[in-house]
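Starting off, we have a lone chain in the form predicted on its own, written out as structure tokens.
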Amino acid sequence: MIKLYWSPRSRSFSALWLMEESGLPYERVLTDISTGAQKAPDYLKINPMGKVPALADGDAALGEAAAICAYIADRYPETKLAPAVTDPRRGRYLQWLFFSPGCIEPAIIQIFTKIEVPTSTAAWGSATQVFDVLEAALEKGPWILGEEFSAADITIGSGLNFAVRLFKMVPTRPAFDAYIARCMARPAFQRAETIAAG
């Protein structure tokens, strides 16, 4: 059975939401980061970075929320959480799947720390650019690929929920509010939020 290693009130939310959306049977393994459980030798074999979430599925073990989303969506195509490899939308799906860890999270850190990074050297460009590009994409909606919800919406939706709704680090925009509301209306999001609350 798939094992999801997680901790309440952490970055585990994306993986919890993914697993709830997938409909696949899985076991939640509580990894109490307040006690350092994620630094135990057995856990480091699953995720050598010592972070949550992590996932074990048979002989496969991995960390990083976006990678977990990619793995589950591809390993279990019956979940319909990703366009097929031959689908022309696949490229955009992959771009958006990794937009959250590659652009949203660094932009949030830039905003939070008030560190000025030259846009020519910052891999994410600038915080303003990140959220302008995302806003333009979400205005087409309802989901990041249009009519079809995908694992990319989980990474994008989690990032925006964190940045805009929960911690108010990013100013609200109408397209963000509408998108977050659509995400929050999904039963799997609601179940994951209940689980994550501990």
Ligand SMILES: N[C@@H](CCC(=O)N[C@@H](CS)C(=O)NCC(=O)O)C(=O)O
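None of these values were measured; they are calculated from a predicted model. So that there is no doubt, residue numbering starts at 1 and follows the sequence shown.
Below, we turn to the form predicted together with this ligand, even though it does not appear here.
Q: Heavy atom within 4.5 Å of this ligand in the predicted bound form: which of 39, 168, 140, 45?
A: Looking at 39, 168, 140, 45 one by one, just 39 meets the 4.5 Å heavy-atom criterion.
Q: Please identify, from 126-134, 142-150, 52-60, 169-177, the stretch that has a heavy atom within 4.5 Å of this ligand in the predicted bound form.
A: Residues of 52-60 come within 4.5 Å of the partner.
Q: Verify the contact flag for residue 11: yes if a non-hydrogen atom of it lies within 4.5 Å of a non-hydrogen atom of this ligand in the predicted bound form, no if not.
A: Yes.
Q: Using heavy atoms and a 4.5 Å limit, would one call residue 29 a contact residue for this ligand in the predicted bound form?
A: Result no; residue 29 lies far from this ligand in the predicted bound form.
Q: So in the predicted bound form, does any heavy atom of residue 69 sit within 4.5 Å of this ligand?
A: Contact check for residue 69: no, nothing within 4.5 Å of this ligand in the predicted bound form.
Q: Using the partner position in the predicted bound form, report whether residue 33 sits within 4.5 Å of this ligand, counting heavy atoms only.
A: Judged by the heavy-atom cut-off of 4.5 Å, residue 33 is in contact with this ligand in the predicted bound form.
Q: At 4.5 Å, heavy atom to heavy atom, what parts of 53-87 sit next to this ligand in the predicted bound form? List them in sequence order, or say none.
A: The stretch touches the partner through 53, 64, 65.
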